[in-house]
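In structure tokens, the next block holds one chain alone, the form predicted alone.
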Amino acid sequence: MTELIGTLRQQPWSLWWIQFRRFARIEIRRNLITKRAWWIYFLAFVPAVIIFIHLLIDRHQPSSMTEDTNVLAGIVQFYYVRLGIFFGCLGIFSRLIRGEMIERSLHYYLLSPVRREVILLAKFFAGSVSSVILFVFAMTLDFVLMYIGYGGAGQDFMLHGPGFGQFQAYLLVVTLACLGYGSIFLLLSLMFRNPMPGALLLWGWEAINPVMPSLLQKFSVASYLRHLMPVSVPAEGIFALLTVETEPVSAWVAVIGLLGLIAVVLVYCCFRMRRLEIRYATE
């Protein structure tokens, strides 16, 4: 144990931290300021456009606030978690490794005097910051547009009523969804030349996960996020008959469980990154 502590102290942590920050700064700029990211912006802000149209056209009576609260919960639970954030993170994180291999630019990073784990973690951090900034801002805009039409009643709901707590829960859900899906897509980009088939299989698994036995439901990002939703939107129709209800868990258990899953995936990503070989002739 003493030798391990001594070894850790001898590592050039300050140098790695400087390299990490510089790589992350470059990647964040590339993720957010690029023409190829237009469809990710579309996925993030299309609900805000729909809610804005609802704000302009429909009348906002105090009696309809509960209905709009359920609609917003459905947008987060069914659109953002299962579609918008899912494919948005696929576009951001799959490009970090596999995209640069296709563009024949990753080898410049690998030939630099930087540990590969630093490069990988900096890329994951940059992808996480980019996706969280984008979808958190979109979620905030959705929340404000949903209740601003109610005037004083909506303002009181957002600032002094249950709305503020719901808003904080939604931000936590969006952030953890970006981290969870981002880590998985980063791993897929390290394992496969084309991560799309694996992503589609994951999407199918996430979609049918609510009808799986409770033990299998634990192997899903959406299953952890479902326990953090402040407003539950139950399934309807035939899908409701097939849904298996699991025992609710506390928020901190769901958060720790998902963070543990992310940590395991990142450790394996570092392992894969150290053994990554680029053969442009076969890419």
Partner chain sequence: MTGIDTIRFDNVSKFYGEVLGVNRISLTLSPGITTLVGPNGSGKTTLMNLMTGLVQPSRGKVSVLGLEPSNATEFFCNVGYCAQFDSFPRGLTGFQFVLDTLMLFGMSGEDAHGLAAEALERVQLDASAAHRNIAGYSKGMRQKIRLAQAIAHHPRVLVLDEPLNGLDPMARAESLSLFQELGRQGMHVVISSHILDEVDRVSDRVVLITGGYLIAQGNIHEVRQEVRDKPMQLFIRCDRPDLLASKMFAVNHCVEARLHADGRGIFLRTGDVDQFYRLLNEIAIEGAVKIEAVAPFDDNANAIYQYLIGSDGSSL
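Numbering follows the first chain given and starts at 1. Note that the coordinates shown come from a computational prediction; the quantities given were computed from them, not determined experimentally.
The same protein also has a form predicted together with its partner chain, omitted here; what follows describes it.
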Q.
Looking at Val46, Leu55, Ile256, Ile26 here, can you tell me which has any non-hydrogen atom within 4.5 angstroms of its partner chain in the predicted bound form?
A. Ile26
Q) Quick one: of Tyr109, Phe157, Phe167, Tyr150, which gets a non-hydrogen atom within 4.5 angstroms of its partner chain in the predicted bound form? A) Tyr109
Q) Of 80 to 88, 128 to 136, 111 to 119, 173 to 181, which is the one stretch near its partner chain in the predicted bound form, taking non-hydrogen atoms within 4.5 angstroms as near? A) 111 to 119
Q.
If we define contact as a non-hydrogen atom of the residue within 4.5 angstroms of the partner, is Arg36 a contact of its partner chain in the predicted bound form?
A. yes
Q.
My question is simply whether Arg30 lines the interface with its partner chain in the predicted bound form - judged by any non-hydrogen atom within 4.5 Å.
A. yes
Q) Using heavy atoms and a 4.5 Å limit, would one call Trp16 a contact residue for its partner chain in the predicted bound form? A) yes
Q.
So in the predicted bound form, is its partner chain close enough to Arg95 to count as touching (4.5 Å, heavy atoms)?
A. yes
Q) Which of the residues spanning 85 to 106 lie within 4.5 Å of its partner chain in the predicted bound form, based on heavy atoms? A) Arg95, Glu103, Arg104, Ser105
